[in-house]
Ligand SMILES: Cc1cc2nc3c(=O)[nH]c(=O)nc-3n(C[C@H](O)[C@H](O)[C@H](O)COP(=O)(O)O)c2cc1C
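This document opens with one chain alone, in structure tokens, the form predicted on its own.
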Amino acid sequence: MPYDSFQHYIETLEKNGCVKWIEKEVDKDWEITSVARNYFRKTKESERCALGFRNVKGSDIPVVLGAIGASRKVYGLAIETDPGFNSIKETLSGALANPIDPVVVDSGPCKDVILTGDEVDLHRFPIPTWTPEKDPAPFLTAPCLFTQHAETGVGNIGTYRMEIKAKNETGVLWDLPSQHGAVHYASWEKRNQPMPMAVVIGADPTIIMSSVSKVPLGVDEICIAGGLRGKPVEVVKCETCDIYVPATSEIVLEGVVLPGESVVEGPFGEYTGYMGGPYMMPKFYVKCITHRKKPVYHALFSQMPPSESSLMRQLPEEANVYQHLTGYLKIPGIKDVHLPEAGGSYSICWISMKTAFPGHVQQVMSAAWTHHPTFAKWIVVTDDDVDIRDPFVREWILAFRVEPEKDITFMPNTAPILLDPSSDPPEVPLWDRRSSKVLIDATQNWEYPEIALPPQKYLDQAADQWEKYELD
């Protein structure tokens, strides 16, 4: 049964033991992020939960983070499926193949409180500072930006960081042309017209999961969310523009982005583990705020991996690359795709496969990075007997199935991974940067000696009797 709101979803997490509430008063300007960082460092991924801060200094609004990507278990609850690779892949591909249009309703809880004029003040919400003494201001990290293309009218939902610039102004980090919100903004700039935009903070989890997924330009993510939940999303018209947002949203910011105007944005602690920016980016003017009577402020936890954002990127991107290779390109033999969190779940791609013909491995290496212009700086393809999700095995494979001169190919002068500090020195403008890719054939090119391990039957027999050895 699909969730009807973010708060309904939090209740489900609670019932499954997947939320830890902190009752101690915390400071949003340093303490929330510091508690979260220690928790993610100290806790195994399989045991991580969402974190809720009920008592934020100076606010009566609770803050929740980790509610989407604290762990595979949490992620699976968000889309109501088993958290295994195949289940997630099938659920996400099913939503792409079977989108469901939203339905318009007259009103909803997001209209409980309507603020305009001088009442518009972003500081009424407990927006955390994520890299204390390094970020210039608090940032929205889980905003779902609703826009429409000026010419086609097709909608888009994207999640992009937003720096608080004033009580009614934010920056927006957009990467043109790889991010579709920026494409929409360019269509309005071409007409020299302000672009209407609505920002949702806290919605049914399928909304934000759709907003961070890589779907084709021209596909409205609100329909993908409908496909994920198996039921149309109920939407309501904004107060100041013709954009429709989920009726049960926690908080909605309505406003415009003016053509040809930019503001200094950043720096910000990014998914790469480094500070990103500052950059010159568009400015969002907030004209109206609507919210529930008792909203919950939703944030995504990013910065140095492992983090919520790295796991959120990992699970759908692995499924998307697998679908790209096997579904769209019909390449046979692909067994698994893995994007390690240490690479931000984006810069390193491992693929295991069964080689079927000469050039098969080279085809897969070349095809993998076409999934997205900036995708993957390192692409490693290895045999189907390799567990590419085991870090030790990955290092062993690089050590003994790769002959550097013969098995490594460089792809020069390509689009860089956004915010990768190694692509060019900081004085090079963000959009002028270039990078390269490394394609590694880590398959056995001839018959190797047998692996020096006991036969699996003996390993299994020892595992079955493990308690008798009294080693734990």
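Start at 1 and count along the sequence shown; that's the residue number. Just so we're on the same page, rigid core means the largest C-alpha set that superposes within 1.5 Å between forms. Since we're looking at a predicted model, the values are computed, not measured.
Separately, the form predicted together with this ligand exists; it is not shown, and the next lines address it.
In plain terms, the part of the chain that comes close to this ligand in the model of the complex, with a heavy atom within 4.5 Å, is 154-162 out of 154-162, 386-394, 105-113, 357-365. This ligand is not shown here, but in the model of the complex it comes within 4.5 Å of a heavy atom of residue 313. Within 4.5 Å of some heavy atom of this ligand in the model of the complex lies at least one heavy atom of residue 221. Shown alone here, residue 214 lies within 4.5 Å of this ligand in the model of the complex, counting heavy atoms only. The closest heavy atom approach of residue 179 to this ligand in the model of the complex falls within 4.5 Å. Between the options 375, 285, 174, 185, the residue in contact with this ligand in the model of the complex by a heavy atom within 4.5 angstroms is 174. Shown without its partner, this chain lists 347, 71, 320, 309 as candidates; in the model of the complex, only 309 has a non-hydrogen atom within 4.5 angstroms of this ligand. Residues of 277-302 that come within 4.5 Å of this ligand in the model of the complex, judged by any heavy atom, reduce to 300 alone.
Once the rigid core is overlaid between the shown form and the other one, residue 418 counts among the residues whose Cα shifts by 2 Å or more.
Residue 124: CA moves less than 2 Å between the shown form and the other one after rigid-core fitting.
Superposed on the core, the two forms barely differ at residue 231: its CA moves less than 2 Å between the shown form and the other one.
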